[in-house]
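Coming up is one lone chain in C-alpha cells, specifically the form predicted alone.
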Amino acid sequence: MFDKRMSAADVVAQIEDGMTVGIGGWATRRKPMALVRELVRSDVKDLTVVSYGGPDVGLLCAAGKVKKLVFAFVSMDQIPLEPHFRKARQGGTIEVLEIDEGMFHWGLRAAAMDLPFLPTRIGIGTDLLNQSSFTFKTVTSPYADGEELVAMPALNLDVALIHAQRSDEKGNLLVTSPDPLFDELVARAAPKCFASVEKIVSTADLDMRVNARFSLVERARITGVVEAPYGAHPTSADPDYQLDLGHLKEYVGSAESDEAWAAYRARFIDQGEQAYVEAVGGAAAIDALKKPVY
C-alpha cells in the first residue's frame, strides 16, 4: 500500500468508458501528456473531460475519446485556439459546457471540499447561464443583503490526471513550477488521482524539511505515480524544461486533414513514450528549449 509506482498502462487500465476525467495543468503548462498519449493509445471512449485545456484536450478529441468537454478555454497560449478542439467543436462531434475561468475554479473547489455547489457572482448578466447543456440555478443570500447569486455546481471527477516534477514511491509529490496552477483542486475533486512525474526519488531526497511548500497534496490523495521523463512535453515542466513551440506548430499541422492526423499519430504516439522522446529530438533537444516570452 506504500508503493504506488505504476506504469502509464496501469493507470489507463483503471479508466473506464463514460468516466469523467479531470486533467491538471493549464494550456501549455505542466500537462500530463504521457498519460494522455497512453489514453489515446487505449480503447477507452465516451469520456467527459474537465480541463483548463491545451493539447491534452486536442489529442483526446482527435482520437475520438471525448463525448463531453467541460472547459473554460482550450488554448496553446501563443497559438490561441487548439486546432483539434476547434475542429471537434465546429463539427459538433462533442458535447460542450463552456464556463468562465472563475466558475471553473469554483466548481473544482466545490468538488474538492465535497460541497454540492459554491455561490458566486461570476456569470450573472451573461449567456453562460443560458446554455442548453446545463441549467444553472441561483441561490439567495440568507443574510440581510438578500443578494441573488449563481450556485456553481461541483465539478466532480471520477479520475484525475496531473503532472509533477518529483515523487517518492509513496506518492509524496513536489511541484516546483513557478505556479502550482489548480492541480491541488483537480486532485481533491476525484476519488482517484494519478500523477506522472519527471523522476521518482527516495523520500529522503525529497528533503521535505526544505521543500514542504512544494508538496501539492497529501500523499493519501495520490493513487499512483508514474515515472515519465519529459512526460509533460510538448507543454512545459518549468524549471526542468520549457514548452516546445516548434513541436506545437508541427502538431497544429496534424489538424489539417485526416491523413495529417494519422501521420502525426503514427510518428509521435503509437510507438510509445521512449519513441516519442526520440522522435521530438531526444532528451538533449528538450533540455535545450528556451523559456518563452509571453
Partner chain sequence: MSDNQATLAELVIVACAEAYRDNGEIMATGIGPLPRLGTALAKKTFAPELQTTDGECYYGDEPVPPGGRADVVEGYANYDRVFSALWGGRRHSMVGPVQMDRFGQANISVIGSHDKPKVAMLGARGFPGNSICHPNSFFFPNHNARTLVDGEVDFVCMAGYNPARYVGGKPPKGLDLRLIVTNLCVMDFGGPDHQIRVISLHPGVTFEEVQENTGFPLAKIADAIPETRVPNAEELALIDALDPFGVRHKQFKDNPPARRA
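Residue numbers count along the first chain shown, from 1. Computed from a predicted model, the values in this text were never measured in an experiment.
The same protein also exists as the form predicted together with its partner chain; that form is not shown, yet it is the one meant from here on.
Novice: Going by heavy atom distances of 4.5 angstroms or less, which of Thr126, Thr135, Ser141, Thr203 would be at the interface with its partner chain in the predicted bound form?
Specialist: Exactly one residue meets the criterion: Thr126.
Novice: Exactly one of Leu174, Val217, Ile99, Ala111 has a non-hydrogen atom within 4.5 Å of its partner chain in the predicted bound form; which residue is it?
Specialist: Exactly one listed residue reaches within 4.5 Å, namely Ile99.
Novice: Does Pro180 reach its partner chain in the predicted bound form, with heavy atoms at most 4.5 Å apart?
Specialist: Pro180 belongs to the contact set for its partner chain.
Novice: Taking the shortest heavy atom distance, is Phe117 within 4.5 Å of its partner chain in the predicted bound form?
Specialist: No, Phe117 is distant from the partner.
Novice: Could you tell me if Arg166 has a non-hydrogen atom within 4.5 Å of its partner chain in the predicted bound form?
Specialist: Flag for Arg166 set to no.
Novice: Whether Arg188 contacts its partner chain in the predicted bound form should be assessed with a 4.5 Å heavy atom distance threshold; does it?
Specialist: Judged by the heavy-atom cut-off of 4.5 Å, Arg188 is well away from its partner chain in the predicted bound form.
Novice: Can you tell me which of 218-226, 193-201, 81-89, 157-165 lies within 4.5 Å of its partner chain in the predicted bound form, counting heavy atoms only?
Specialist: Stretch with heavy atoms near the partner: 81-89.
Novice: Across 144-167, which residues bring a heavy atom to within 4.5 Å of its partner chain in the predicted bound form?
Specialist: Residue within 4.5 Å: Glu148, and no other.
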